[in-house]
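The chain below stands alone and is given as structure tokens, in the form predicted on its own.
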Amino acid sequence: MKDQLVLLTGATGFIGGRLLRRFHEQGIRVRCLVRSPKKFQTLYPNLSDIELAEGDLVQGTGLAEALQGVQASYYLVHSMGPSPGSAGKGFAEKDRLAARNFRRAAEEAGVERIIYLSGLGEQGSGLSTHLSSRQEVGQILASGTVAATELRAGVIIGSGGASFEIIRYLTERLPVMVAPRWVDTRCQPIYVENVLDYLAGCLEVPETAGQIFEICGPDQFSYRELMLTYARVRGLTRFILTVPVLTPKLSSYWVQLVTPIPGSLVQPLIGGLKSEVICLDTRIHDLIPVRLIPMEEAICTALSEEEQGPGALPSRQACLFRE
């Protein structure tokens, strides 16, 4: 695997940046496709040996050069919602165009694998616009001659991830929380390091090529139970009351008031909370066996990585063994 050249898109993002560091530590040859080399260099001053290729997926520029000599590629980019001033679903068209450009360029370059991180959710009329777009991108990437692997994840727990930061700020700042009905929707969150285990594992296991897999942690919760689990890890007493009148749109405004998460991230995430995100397909456990991190341990580890804000801890041990 170390002899392969891997192209990584989304290297400045929550998942891509972590995967880049893991590959760098393992000595895997990585080339990053970036729109702004300057931004990359500012974020990762200690990774000056990483090869960069400048390009834009939506415009389709720089892709041929970026994919030259590449055996496997990671597609870790997506829009979270409409850009300012755009009409409602404009982000989905951008994602559609970017995926088509990448698939076409990968085919022309002779790339063998595309590995894509998508969103978990049962297909149908109840699927949010955001999750529908994520899964449509997977279909586009898989519709060509390059073998595409799609991993579908729900809530990802990790320092800096939007889902975790929403849970963190809501639970820390609201001793009594008045929540909408979606708070009782079931989910199966996964710790970010387990997501990386699966992403990296797909590169090593050729049997994952051309497949769609669901990836989840070991624990199932309602969102209410997830926030109360966070409170228990932190030693906090919290009460959550349910009201039927908060629509997803009103809920997103409420979350924006309490947390520092941008509205462009909050709205699509809240929109997806009405649908259960539970893993029904466990085939990946046999192909890529990993230790799935329990949620209390995941939350504690994530908090120990926080540098500022509520709940930041000096170490994992500060909460891991709390009674």
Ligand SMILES: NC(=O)c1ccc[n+]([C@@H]2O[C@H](COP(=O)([O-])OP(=O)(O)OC[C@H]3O[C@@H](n4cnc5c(N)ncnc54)[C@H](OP(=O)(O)O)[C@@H]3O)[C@@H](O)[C@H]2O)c1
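Position 1 is the first residue in the sequence shown; the rest follow in order. All of these numbers come straight from a predicted model, not from anything done at the bench.
Only in words, not in the display: the form predicted together with this ligand, which the text now covers.
Q: Please tell me whether any heavy atom belonging to residue 154 falls inside 4.5 Å of a heavy atom of this ligand, as the geometry stands in the model of the complex.
A: Yes, contact at 4.5 Å.
Q: Would residue 304 count as touching this ligand in the model of the complex under a 4.5 Å heavy atom rule?
A: Although this ligand is absent here, residue 304 would stay clear of it in the model of the complex, with no heavy atoms inside 4.5 Å.
Q: Would residue 66 sit within 4.5 Å of this ligand in the model of the complex, counting heavy atoms only?
A: Because no heavy atom of residue 66 falls inside 4.5 Å of this ligand in the model of the complex, the answer is no.
Q: May I ask you to state whether residue 76 is within 4.5 Å of this ligand in the model of the complex, using heavy atom distances?
A: The answer is yes: residue 76 has a heavy atom within 4.5 Å of this ligand.
Q: I need to confirm a contact call. Of 56, 281, 296, 276, which residue comes within 4.5 Å of this ligand in the model of the complex, counting heavy atoms only?
A: Going through each option in turn, the one that passes is 56.
Q: Counting only non-hydrogen atoms, choose the one of 204-212, 112-120, 168-176, 220-228 that falls within 4.5 Å of this ligand in the model of the complex.
A: Going by heavy atoms within 4.5 Å, the stretch is 112-120.
Q: For the three residues 146, 149 and 198, which mark the spot I'm curious about, does each lie within 4.5 Å of this ligand in the model of the complex through at least one heavy atom?
A: Heavy-atom distance to this ligand in the model of the complex: none of the three under 4.5 Å.
Q: Determine the residues of 3-40 with a heavy atom within 4.5 Å of this ligand in the model of the complex and present them in sequence order; the list may be empty.
A: Residues within 4.5 Å: 10, 11, 12, 13, 14, 15, 16, 33, 35, 39.
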